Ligand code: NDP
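In the block that follows, a single chain appears as structure tokens, in the form predicted alone.
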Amino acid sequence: MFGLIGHLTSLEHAQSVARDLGYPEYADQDLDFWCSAPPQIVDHIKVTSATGETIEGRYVESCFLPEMLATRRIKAATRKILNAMAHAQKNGINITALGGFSSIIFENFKLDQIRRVRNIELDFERFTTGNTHTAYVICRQVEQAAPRHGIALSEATVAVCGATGDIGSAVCRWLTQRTGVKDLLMVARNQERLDNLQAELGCGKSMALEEALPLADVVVWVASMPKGVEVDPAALKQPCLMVDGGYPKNMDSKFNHPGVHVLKGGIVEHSLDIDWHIMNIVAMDVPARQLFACFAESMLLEFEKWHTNFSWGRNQITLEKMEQIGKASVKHGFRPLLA
């Protein structure tokens, strides 16, 4: 059995979804209530592979909300993720993906140092960030979507925003070593990590966001746009492909211009309908078939019986593992979203 640990985008969103899912006791509560709310299994899932095999899964709502970080309720946020992991393990789930902010919180606050949650000893082999599949899907989206908009990658400049993160660094490796883009611009806050990534790749340029954007034919957003930053879409190249790999996705409203094409990054579409309800609440255009690539990774690991933390740790994604999960993705009927 596979598992998905997720969360909603805001307190308002959470209250609305709680009402729709039949949890009226959650629907009118404030942030303090959500800080203390326990994780819940709110969806039972069946997925059929293109090979004909069917697997079952569970969606664990962590009850984490981004406002917990914004209001410095850090202990509540970290407790949410650990409790959700313990809940998944207690319910016998073989491999669970940490979706949305879950993996970021786990890594940034070094939760791997906390192995015991009440009476449960966490087995980290049962969990994956899903970042390898996400990185693979974003790269394939760039490769397949760019030519549709008249962008030849062999002559293109690609900017990766959030380049030194787990997904961002993997995207940089793939684009330079597998895709062969002409120029790579790397944007991130930590200059030392940028220097190290540049040394590893043997190419690419580190650059500030406002310098990189007007030069780029393709922009891959792995990190969210910093607050207060405003970009005039008319100042960008025309055409320009924007791959929005953040969560929640909001680039389409920020770059509303005929020459700027925004693509929902890190999203896959399955070849068959998935029996679930949870994707109806996260603004998927086709909720029966579309899902986050990180969630799909746990499905792929269950299909292949790779019950291990396939994606784990910072900057550990190799091109070989991207190719491995990519082959499994194609085999079981997932394809990168291109529209």
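Throughout, we count residues from 1 along the sequence that is shown. Just so we're on the same page, rigid core means the largest C-alpha set that superposes within 1.5 Å between forms. Nothing here was measured: the structure is a model prediction, and the numbers come from that model.
The same protein also has a form predicted in complex with this ligand, omitted here; what follows describes it.
- Remark: of stretches 68-76, 86-94, 154-162, 112-120, the one touching this ligand in the predicted bound form is 154-162 (heavy atom within 4.5 Å).
- Val222 is the sole member of Val222, Val142, Val219, Val181 with a non-hydrogen atom within 4.5 Å of this ligand in the predicted bound form.
- With the partner omitted from this view, the residue of Trp174, Tyr247, Phe255, Phe106 that lies near this ligand in the predicted bound form is Tyr247 [heavy atom within 4.5 Å].
- Taken together, Leu4, Glu61 and Ser298 are entirely out of contact with this ligand in the predicted bound form: none brings a heavy atom within 4.5 Å.
- Put simply, Gly204 is far from this ligand in the predicted bound form: not one heavy atom of it is within 4.5 Å.
- Looking at Arg314, you'd find a heavy atom of it within 4.5 angstroms of this ligand in the predicted bound form.
- A residue is said to contact a partner when one of its heavy atoms sits within 4.5 Å of a partner heavy atom; Ala188 meets this definition for this ligand in the predicted bound form.
- Within 4.5 Å of any heavy atom of this ligand in the predicted bound form lies no heavy atom of Arg126.
- In sequence order, Phe292, Ala293, Cys294, Arg314 are the residues of 287-316 having a heavy atom within 4.5 Å of this ligand in the predicted bound form; the partner itself is omitted from this view.
- In this overlay on the rigid core, Asn108 has a C-alpha that sits less than 2 Å away from its partner position between this form and the one not shown.
- Gly92 is not among the residues whose C-alpha shifts by 2 Å or more between this form and the one not shown once the rigid core is aligned; its shift stays under 2 Å.
- The Cα position of Pro226 differs by 2 Å or more between this form and the one not shown after fitting on the rigid core.
- Closer approach of the C-alpha atoms of Val229 and Gly246, by 3 angstroms or more, is seen in the predicted bound form than in the present form.
- Whereas the displayed form keeps them at a certain spacing, the CA atoms of Pro226 and Lys110 lie at least 3 angstroms closer in the predicted bound form.
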